[in-house]
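Okay, so here's just one chain, in structure tokens, the form predicted alone.
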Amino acid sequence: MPALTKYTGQWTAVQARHVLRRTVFGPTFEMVKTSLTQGMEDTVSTLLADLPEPQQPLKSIPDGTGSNRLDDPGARQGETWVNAPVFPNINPPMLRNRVLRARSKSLYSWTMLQILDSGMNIREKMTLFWHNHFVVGQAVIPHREFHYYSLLRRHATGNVKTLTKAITIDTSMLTYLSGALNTNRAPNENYSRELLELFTIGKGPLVAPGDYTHYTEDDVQAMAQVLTGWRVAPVSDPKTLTASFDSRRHTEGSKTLSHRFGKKVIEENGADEYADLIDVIFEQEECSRFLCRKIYRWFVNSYIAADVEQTIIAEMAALLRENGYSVKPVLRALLTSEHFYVQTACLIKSPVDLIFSSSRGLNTMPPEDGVEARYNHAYNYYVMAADLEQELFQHPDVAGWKAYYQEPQRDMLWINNLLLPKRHEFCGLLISGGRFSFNDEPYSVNESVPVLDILGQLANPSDVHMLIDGLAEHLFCYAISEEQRTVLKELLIPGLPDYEWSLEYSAYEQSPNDQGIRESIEGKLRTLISVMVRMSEFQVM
């Protein structure tokens, strides 16, 4: 029997919420309703549907001079700076650096806006997956960061072998892992080592000096020679975003790999030789297993049991190879499998997941009154994630965020003694608004969850028990206890009989514009939800 047996059970809100929590950031009430109407197969098809490329990031800061204004010679407010010169010719250098920082902030805000605007689709989740897989460190130059992240987005559910070829000669990667310094006179093994160890096949146990099970030190050296000759233009050059191949810097002749690759010979092929090498790496079965383990840990469970390795991972890897390393068939098989729907409440939410569960998942959307307000709103999310140690574009090291690889804790690293109180603080801020600081800079959360709108998403909000249960079903992966329900009820009707809530809610329905009644209902609901998003049940998905 296939390991990835198709799920054939009932399709209820439980299953809909599970697949949406794992594939989008902060699934909304409407997404759950849509999934219930569609059923499993159509839900997964919607999640995997191709999307057009988004609008490019915009200059959000107002034009002019002053502490809150800035003139960028490449774009006015509301226009994209992506097509402007990479390194603006501005003096003094302090002002030029301010323009570059503003572009970076625009990019980071825009990246969060793509998540907010992505709807019911897996693309942003997969883009972040590849961002944590093909780490390029701190690119510094906003244009390079934009082109790098856009490359990941274009290939998010496409062909990973094609993506690996593209990222190998991406200027961000060539700069970060010294590929642009790799020449025939001074071979640099930095990228060839990480290409094997982190990006494609994995290291494996050491079985002999210089032999790591899946490759050897000789392979690292030979592959470094294959990859020689690529250059990155200086930032003053208009072509700085495109790598070029210089045959004079390339190690000519054939290169022979070790017994781990069947002593395969990479023939001299100039500018296309790097692609030939990647084809050879992807011929190894372990490459598909390595990639599928990472996909499994991202979407299903950070712990891979021995039987899962022998069944689920093996079948995912076979499917990946059969489809020429196209990722979408593997994702479809995984997200429609029986195995996927029993793996509940076993992943701790990453900071990005947590933030969007507390905001978009409760119907908070960015303001519509101009680019500056929208970008500032989204930048708060970026800063919160950074403070919780998931700063996009700024990984701690080439292996990515430690929660995805450091044994034995893995995702438990998201909730240590330092981070858990901050997670609670930010969840509360996103529900009720308030101020926080990061790196001694003050930030304000002015947009809060529209709690009264949420009432219309619940089956019977006039019943205090159904209200609490409806919220718990949306926020949590499993049912709350009677004791928890009692404690939560006290936040709405402290010491009062249940019918008091029904009376108060009825008064609100009859007079929704009565300010006193409205504020009373809204305040109680906001307090209730603020407490619920601080509960341990909200930390997992």
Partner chain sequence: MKPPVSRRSFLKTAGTAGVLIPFAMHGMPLYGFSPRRPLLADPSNDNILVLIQLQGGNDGLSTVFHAPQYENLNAVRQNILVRESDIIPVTGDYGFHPVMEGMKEMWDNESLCIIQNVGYPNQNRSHFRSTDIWNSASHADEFVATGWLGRIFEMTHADYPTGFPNPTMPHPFALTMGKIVSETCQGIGANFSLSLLDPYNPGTAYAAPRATLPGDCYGDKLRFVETTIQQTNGYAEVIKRAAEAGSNRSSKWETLDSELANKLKNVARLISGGLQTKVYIVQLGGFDTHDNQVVSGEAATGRQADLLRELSDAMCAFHDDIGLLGLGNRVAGMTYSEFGRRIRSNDSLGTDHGTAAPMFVFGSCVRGHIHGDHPTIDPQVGTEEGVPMQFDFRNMYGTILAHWLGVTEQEVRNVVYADFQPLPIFKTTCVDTTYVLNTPSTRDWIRLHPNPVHDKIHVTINPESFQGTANATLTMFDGLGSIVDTMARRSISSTNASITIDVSSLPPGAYVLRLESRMGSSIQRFVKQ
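Bear in mind that the values here come from a model prediction, so they are computed numbers and not experimental data. Positions refer to the first chain, counted from 1.
Just so it is clear, the following notes concern the form predicted together with the partner chain, a form of the same protein that is not shown.
- Site annotation in the model of the complex: the residue of A507, V487, L51, L36 reaching within 4.5 Å of the partner chain with a heavy atom is V487.
- In terms of contact with the partner chain in the model of the complex, the residue from V82, I90, I266, I348 that brings a heavy atom within 4.5 Å is I348.
- Contact with the partner chain, judged by heavy atoms within 4.5 Å in the model of the complex, is confined among 94-102, 200-208, 366-374, 446-454 to 200-208.
- Contact here is defined as any heavy atom lying within 4.5 Å of the partner chain in the model of the complex, and by that definition not a single one of Q114, V464 and L503 is a contact residue.
- Taking the partner from the other structure, the partner chain in the model of the complex has no heavy atom within 4.5 Å of any heavy atom of L525.
- Contact between V531 and the partner chain in the model of the complex is found at the 4.5 Å heavy atom cutoff.
- Under a 4.5 angstroms non-hydrogen atom cutoff, the partner chain in the model of the complex has L420 among its neighbouring residues.
- Taking the partner from elsewhere, N188 is found to have a heavy atom lying within 4.5 Å of the partner chain in the model of the complex.
- Shown here without the partner chain, the chain has only F438 in 434-462 lying with a heavy atom within 4.5 Å of that partner in the model of the complex.
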